[in-house]
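Here are two versions of the same chain, shown separately as structure tokens and labelled structure 1 and structure 2.
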Structure 1
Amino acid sequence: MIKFRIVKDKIARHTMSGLTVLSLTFLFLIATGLFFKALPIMQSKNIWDLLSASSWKPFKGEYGFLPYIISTLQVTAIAIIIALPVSLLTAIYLTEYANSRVKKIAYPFVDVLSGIPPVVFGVWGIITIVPFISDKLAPHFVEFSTGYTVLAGGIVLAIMIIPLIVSILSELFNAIPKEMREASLSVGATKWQTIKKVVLRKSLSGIIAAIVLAISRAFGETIAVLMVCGNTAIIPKSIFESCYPLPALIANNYGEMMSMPDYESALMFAALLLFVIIVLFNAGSRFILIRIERKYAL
């Protein structure tokens, strides 16, 4: 009987180990596939020219990715600037201040919001956010704006990632032992001081991990951003101008590339570029996370 249980444990361990390796292998398979597909354009063009040029004219053999890179970074930055404080304060309220009745109502709404397909957010952005920016907001800052702008993409994207961040942060805050809060309150700290010094500090590494996860999703979001950004291959000089993020470039042009090998390779280079940006961002964030965990280890 004991031998049978030992054998079962070994089978379970090796099975899970194999599945873990298989999961990690997908990362290398994706990177390898994109690299070889993008190799023709990297051999025929200077990589620095591809990254720094702003002219996108495939029929003339000009493939400048700078507008797409800038657009991707701008839309993602705006989304995080909007989403982070809203998500953080919402999670703090739900876990530290809200009563059980409010929680029972709020959490299902957050779950429903996170399950809405991106195309619905895109349609909502077109009928509400775009007209609002064009008619109400932009006239205070610029002479004219169509509403299909960097700001519209950032707002729609922010609303999409807020439920994800709220869910993760709520789980983190709920995982803080109740005794730690009681100990802080017992020595005279206020509720807010306890949240700042105990809850947020103890959850700092998890908060950063949640932000990294949200940014990674924001980098790759396609449909909703494609619908509200205007898709103009220019370097936006303000948040009221159109833009063209990398995911939208790939999604919009994928069907046209079949008869043009260079065009196909250029789009695969765009996908590889997006992949590299996300990997580097996650690696950098992991490094910062480790430093913070060591500094604030309790």
Structure 2
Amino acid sequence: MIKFRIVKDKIARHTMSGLTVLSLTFLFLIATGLFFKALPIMQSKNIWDLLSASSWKPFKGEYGFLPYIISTLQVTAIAIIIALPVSLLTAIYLTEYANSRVKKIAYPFVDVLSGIPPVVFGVWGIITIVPFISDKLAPHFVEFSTGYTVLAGGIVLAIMIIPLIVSILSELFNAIPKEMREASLSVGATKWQTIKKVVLRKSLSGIIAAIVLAISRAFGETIAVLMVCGNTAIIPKSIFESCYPLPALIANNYGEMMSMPDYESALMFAALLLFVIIVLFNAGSRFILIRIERKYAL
């Protein structure tokens, strides 16, 4: 009887450890899978040429990723520019000024916002943001805009990443020891000075890490952006033109392009690009955040 229990324990232990190892290799598996699928296009063309060419004509064998890369960068940049100040101010307010009653209402709201599916954000973008841009905003700046623009993508994306930044920043500010704030207040600094000179300065590396994490989230977001950004493979010259980010390119074309090996390989190259950028960004910022957490926990 005792032996049976011990055997059972050993079996359980090995299964658990096996599953853990397996899950760790998963990251590696994705990388190799994507790499080998993208290999044909990387061999037949120079990687630098792929990244810097701007003509996308798969049927002529021209694969230039520049329009997609520029589009992704622009949409992400707009999203960060809108989301960062709002979420930074909100996070400071919630951690430093708000009383517990406000906190009790605000945090669930942020949670709910982060739980709304991307496709719903996309629908919301189509029924409110897109008409707003084409009817109200764009006529002030350009002659004509459909509304399906870089700007629409950026706005929708900004609202999607705000909850993420707010929750990371709140955790970050909460991790800063109370003693530091009290020391500053006791030498006569006002609360705002304390926030500016102590809290923000102490958490600067964490704030940067949070931004990088948000950027990587924005980079990979597919459906919501795809629904509002217009999807034309040109390099957008203004924020009132439509664009075509990398994830949208994969989503729109992948399923159908099995017949053309080169095309498929090019799309896999796009996925690999996305994967590598996001893993690097994530690894870097997670590393910083974990180190900060450990520093203040001790």
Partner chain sequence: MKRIRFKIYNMQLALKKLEEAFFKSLMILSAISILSVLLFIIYSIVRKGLPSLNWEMISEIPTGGFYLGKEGGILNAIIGSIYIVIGSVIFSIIISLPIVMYINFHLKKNSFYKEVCRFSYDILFGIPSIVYGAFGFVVMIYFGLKASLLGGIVTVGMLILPIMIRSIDEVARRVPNELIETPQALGSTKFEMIKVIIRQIMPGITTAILLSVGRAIGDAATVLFTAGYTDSIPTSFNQQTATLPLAIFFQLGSPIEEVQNRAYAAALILTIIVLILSLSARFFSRKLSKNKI
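Residue positions are counted from 1 along structure 1's sequence. Take the two forms, find the largest set of C-alpha atoms that superpose within 1.5 Å, and that set is the rigid core. Quantities reported herein were computed from a predicted structural model and do not represent experimental measurements.
Both panels show the same chain in isolation, but it is structure 1 that comes from the form predicted on its own. Once the rigid core is overlaid between structures 1 and 2, residue 47 counts among the residues whose Cα shifts by 2 Å or more.
Comparing the forms between structures 1 and 2, the C-alpha position of residue 235 differs by less than 2 angstroms, with the core used for superposition.
Lined up on the core, residue 27 has its CA atom moved by 3.5 Å between structures 1 and 2.
Core fit done between structures 1 and 2; CA of residue 7 shifted by 15.7 Å.
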